[in-house]
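This document contains two forms of one protein chain, each encoded as structure tokens and listed individually as structure 1 and structure 2.
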Structure 1
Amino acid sequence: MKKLRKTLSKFPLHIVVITIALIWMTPSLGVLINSFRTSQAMKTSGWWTMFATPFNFTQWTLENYATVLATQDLARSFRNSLLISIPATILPILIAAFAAYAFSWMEFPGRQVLFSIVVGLLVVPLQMTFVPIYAAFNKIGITGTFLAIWAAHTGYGLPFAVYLLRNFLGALPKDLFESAWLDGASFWTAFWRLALPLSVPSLASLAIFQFLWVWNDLLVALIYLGGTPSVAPLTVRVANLVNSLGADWHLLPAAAFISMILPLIVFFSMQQYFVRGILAGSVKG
């Protein structure tokens, strides 16, 4: 009886959660369905009509996927995307973690001013940095190399990474660090033994988003790396499926789902770091 009451009282909760999730899913679901429909069907009838006529096989096709997968150099661009994204995710997070640690646990002159500048830099429009940075890269001869794009994504990703990590590291309790220092631990030891392990959840969420932004980036890659097949990432390939007049956009739904697979795997594999109580009891707010 009590159990039933509990289930019943939870009923509105389920309704709300499921409704929101369904609404959020609908646009993507529509494109997923359309990615399996012919270009003709996609452009003349709504994806939802397939619920009425699921067995009208003239509308279904795997051709969009076949065409996208047969794109020249697709595998190579997938590899390029990985080669770009993994270092461009790890590097800024690692570098930012050190800085965030210094900003939250070391006293030095100009600390607040420097940190507020970091926050302010979040809003710098990337377009304004392209010409000076590209010219500098060109002088040292690294335009069109992976080094250039790793450096660029690291530079552009740092402000957010420092900001987020500073917020988290700064919220850790003072006692924890002070007792460590009393025990003779150095800043270095405290960083690796205390700060980093305790901030795994925020590191994980930061990693997810930095990875996604880099993975889905088109413009920064075009500027610093270019669109030649040997270095072009997946986003550049996908954008080029469509011609300059916009024809062949019916391939984009299939392409979007193919390029989404990896980010979703990353999201699911990082989920385990969001478990309850990783810090429960050891940290106050």
Structure 2
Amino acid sequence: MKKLRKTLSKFPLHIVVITIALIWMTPSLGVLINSFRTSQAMKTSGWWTMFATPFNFTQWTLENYATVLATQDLARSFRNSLLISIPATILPILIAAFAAYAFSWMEFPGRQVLFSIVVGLLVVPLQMTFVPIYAAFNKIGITGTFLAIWAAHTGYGLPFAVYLLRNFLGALPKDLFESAWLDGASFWTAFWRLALPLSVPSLASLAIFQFLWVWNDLLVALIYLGGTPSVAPLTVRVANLVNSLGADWHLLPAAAFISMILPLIVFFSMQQYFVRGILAGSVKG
């Protein structure tokens, strides 16, 4: 009886959460349904009508996906997004792991001041950096290349990555590292054999955050890659399709869902790490 009363007391909260989730998912559901509908069906009825009428196979097609992948160059843009997102996720995490370990367990002059400066960079708007960084990239001749976007995303992602990993590593038991050092382990050995294996949950959550941010980025890609088709990611290509398709606007849902499919897979397959990442960032080091 007590268990039933406890369950019923949480029922209103469950209703609110489910309602918010349904409202949040409605646009994505509409994009998914329209991406498989024919142009005539989209022009004559809304996507929600599929729930009110019997299932009609004549209103469904895979032609939208075939067209955007073949004629709108989305296949190459999808590859470009992968070529951008994977290195731009690995590089800041790799650098931040070394920095976070140094800030947590190595003594050197100005450690706290330097860490405060790194954390302070979190509040610096990206827009303030575009002009000087673009000028620097242009001067060394890497504007419009993958190297430029990798360097930009690495720099923009490092402050949060260092902050998150430092708080996680700083919360690890001090006795664990002291025992390793007493046994003759170097800082590198302690980092490789102790710090990294223990921080896998934090590293995984950070990788998810960084990958999703880079994959969904449009502004940074537009600034440092411009309109170069050979290196344009999906976000840039889909944004250009909004203005270029005209009468073929029915292809937009398919193009949009292609850009959404990988982030959705990453989120639903690794969503448990999001909570761990948030908790890791809230622990006092």
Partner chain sequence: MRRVRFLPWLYAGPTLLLLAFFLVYPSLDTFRLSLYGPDSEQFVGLQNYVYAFTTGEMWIAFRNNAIWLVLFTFFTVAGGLVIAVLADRVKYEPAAKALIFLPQAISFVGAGVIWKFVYDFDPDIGLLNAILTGLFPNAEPVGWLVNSDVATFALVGTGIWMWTGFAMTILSAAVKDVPEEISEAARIDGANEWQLFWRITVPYIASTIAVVTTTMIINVLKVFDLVYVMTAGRYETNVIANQMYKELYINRQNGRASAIAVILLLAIVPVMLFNIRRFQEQEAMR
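Start at 1 and count along the sequence of structure 1; that gives the residue numbers used here. Under this definition, the rigid core comprises the largest set of C-alpha atoms superposing within 1.5 Å between the forms. This is a predicted model, so every value here is computed, not measured.
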Report task. Only one of these is the form predicted in complex with the partner chain, so let me know which. Result -> 1
Report task. Align both forms on the core first, then report whether residue 220 has a C-alpha shift of 2 Å or more between the two structures. Result -> no
Query raised in the report: Can a Cα shift of no less than 2 Å be assigned to residue 34 between the two structures, given superposition on the rigid core?
Result: yes
Requested in this report: Align on the rigid core first; then say whether the Cα of residue 64 has moved by at least 2 Å between the two structures.
Outcome: yes
Query - Rigid-core-fitted C-alpha displacement of residue 264 between the two structures (angstrom) - result: 2.5
Query raised in the report: By how many angstrom is the Cα of residue 43 displaced between the two structures when the rigid core is overlaid?
Result: 8.7
